[in-house]
Structure formats: C-alpha cells, structure tokens
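Only one chain is shown below, in structure tokens, and it's the form predicted alone.
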C-alpha cells in the first residue's frame, strides 16, 4: 500500500499532484491515454508514476476522490458567497462539469468502484447537497423537505447526457428545470 500523500516528501507530493493534474486532463481528452504518456506529459518517469499509482484503476480512482472532495468543499464556500439558489445552481454547474469529465472515463471508473469506495464518496456528496438545500430552505427560496439523496439520484442524468455541444445545451435545460422545481412556492 502506498503512503498517504501528506506523508510524502515535498518533491514527491509535487510529483503526485502534477501526475493527477495531467492525468485528469489527458484522460478527459482521451480515455485510452496510456500511463506512460501521462508520465511523459507530467515530466516524470514511468517508475515515479507507478510508485504513486500502481495501475490505471488507482490513478482514476484518486482523480475521482479528489473531484468528490472538491465538490464537498465547494458547497459551504458557495453558500458563504452567494444567495442559496445561485449557490445551488453553481454547485450543479460544477457537478455537470465533472459529469462531462466522468463520462470520458466512466468505464475505467466503474471497473475500480466497489461498495467501500461508493460509501466513502456517497455520504459526503449527500451531505453537501443537504447543506445547499438547508441554506435555501432557511432563506425561504427552496421548498421544505427536499431529500438530498433523492436530488443526488435525480442528478444522475448528468452522467447520461452525451458529450458535446448538444449534451451541454440539454444539461443546461435540465438543470434549469431541476432548480425551478426546487423553488419554494410564493407565500400567500
């Protein structure tokens, strides 16, 4: 098992971060990008890449974990900076962006997913959605009682929308529909 990233030397942490950044871009552009091509693009030798990520699945999984953590961290930041409905929509927009990235590596991700990994990422995502919903409920702009798990399930359409311009247009339309359906009814 590899040491946790925080226990690595500074140069090893930099290499690991660079590999992940390059891999995210490379796999988004070409889901079949080889690990050797990713190492070359990151400016490291194949041995360095394999020391951090012993196989393709480990690399894809770490990219996914980072993206989930970024989504979880984004929720309170958006709530602090924007009105609740705008915060929710911006969060959904970011989720859609990650959905487009995930679309390109979906097969590789599904091959390495297991119950443990799903449990590690599912709860925090539900929690982030819950934070956004509660902020909107408290402000009176999101209807009461929307279940965060239901909403996450509904947002699954993001992974089924085809890539490209037409898919992005459809995603925008569907996100508008979802956000509109969450609005609190006007008070009498």
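Residue numbers count along the first chain shown, from 1. Everything numeric here is computed off the predicted structure, so don't read it as measured data.
There is also a form predicted in complex with the DNA; it is not shown, and the following applies to it.
Contact annotation for residue 156: none of its heavy atoms lies within 4.5 Å of the DNA in the model of the complex. Not displayed here, the DNA is approached by residue 50 to within 4.5 Å at the level of heavy atoms in the model of the complex. A residue is said to contact a partner when one of its heavy atoms sits within 4.5 Å of a partner heavy atom; residue 15 meets this definition for the DNA in the model of the complex.
Mapping the unseen interface onto this chain, residue 11 counts among the residues with a heavy atom inside 4.5 Å of the DNA in the model of the complex. Partner contacts here mean any heavy atom within 4.5 Å of the DNA in the model of the complex, and among 35-43, 59-67, 126-134, 139-147 they occur only in 35-43.
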